[in-house]
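Below you will find one chain, with nothing else, as structure tokens; this is the form predicted on its own, and questions on how it binds or moves follow later.
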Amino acid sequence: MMMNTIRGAIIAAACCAGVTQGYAQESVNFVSWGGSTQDAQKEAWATPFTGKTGIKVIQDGPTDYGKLKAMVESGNVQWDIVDVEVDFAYRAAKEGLLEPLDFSIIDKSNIDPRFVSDYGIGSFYFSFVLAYNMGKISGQPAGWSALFDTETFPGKRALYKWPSPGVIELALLADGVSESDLYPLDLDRAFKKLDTIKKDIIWWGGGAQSQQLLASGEVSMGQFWNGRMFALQEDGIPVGVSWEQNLVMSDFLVIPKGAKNKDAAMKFLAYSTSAQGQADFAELTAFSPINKESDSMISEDLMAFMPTTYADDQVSLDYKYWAEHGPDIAKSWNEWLLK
């Protein structure tokens, strides 16, 4: 009798285990930059995606290129979807670090062609804009040349500290180089221009830091992500923005080579880049959608704060150029910083 009871308990436990395994919830691991951007990605994409598909989205981060590469090379990939800068996406694809995207699952027919490749698709796009603290300067600076005019517009300048698309280009534009002649980048000319304000530069490495620098008045103006300036304006901070020569940049969503949940990751990319997913994210951030059908879904009041509205003033940064030449530019950049 005791043996039958034990045997029955074992069979019951095994059956329960089988049921549990059979109905284990599918999941994907999503990695981004943290802060308000990842919060918005969770609200606009992850939560409704789980509600629609039942696939759980586990938040992780921040994005770390060295860690992504180490995972792929070791064969122990813990991340399924990673939000990366677009130039890294192109370089990582060339190095064999990414899975090709399945466009039978992901609909790219309405995606702005600037923001899709075989191995990555836009998370959103944004602009580097010239922004200024209206309590620290008089007048309305316009264009990147104003950034270097410390006589008319005194005060410290905020610039993005990483060697990636943006600072080199704005220096060349301010020095009179036309958009059509930006590439190949003339680093010597750019560094010479930056030397004129080097003592006044305060470098920022993240969005929250950039906001603090401008809101506090520690800098009077600088180069900023447009969405971060929108957030300050929404909080009532006296911030002005010049959209002249706004520099278009994008983040890409990629799937690391060997991702354990590749199929679910493809489904997540399909949702996040859909017209609705992109519109919902834009409403939360004022970053522009990469899906061309999203604009009609976005409130008219918000459009005034978005790069989409200022397309005629845009300068598109050459991501592929940076993907190829980025490491060499970084070397020259770091040498210049130390001078």
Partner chain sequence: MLLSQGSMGWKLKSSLYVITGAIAAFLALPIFFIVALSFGSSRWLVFPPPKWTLKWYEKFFENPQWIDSAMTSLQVALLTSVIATLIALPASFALVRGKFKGRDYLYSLFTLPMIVPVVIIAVAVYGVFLNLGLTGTLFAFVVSHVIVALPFAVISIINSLRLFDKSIEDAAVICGAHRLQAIFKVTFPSIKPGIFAGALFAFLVSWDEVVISVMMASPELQTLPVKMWSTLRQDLTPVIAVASTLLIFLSLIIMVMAGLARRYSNR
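Remember, it's a predicted structure, so these values are computed and weren't measured experimentally. Positions refer to the first chain, counted from 1.
Here the subject shifts to the form predicted together with its partner chain, a form of this protein not shown in this document.
This chain is displayed alone, yet in the predicted complex one of L182, V116, I197, I237 has a heavy atom within 4.5 Å of its partner chain; that residue is I237. Proximity to its partner chain in the predicted complex, defined as a heavy atom within 4.5 Å, singles out one entry of T150, S145, Q212, N110, which is Q212.
If you check its partner chain in the predicted complex, you find a heavy atom from every one of S36, K67 and N76 within 4.5 Å.
Only one segment in the set 51-59, 309-317, 285-293, 272-280 has any non-hydrogen atom within 4.5 angstroms of its partner chain in the predicted complex, and it is 51-59. Although the partner is absent from this view, L232 contacts its partner chain in the predicted complex, with a non-hydrogen atom inside 4.5 angstroms. Although the partner is absent from this view, A208 contacts its partner chain in the predicted complex, with a non-hydrogen atom inside 4.5 angstroms. At least one heavy atom of M71 is located within 4.5 Å of its partner chain in the predicted complex.
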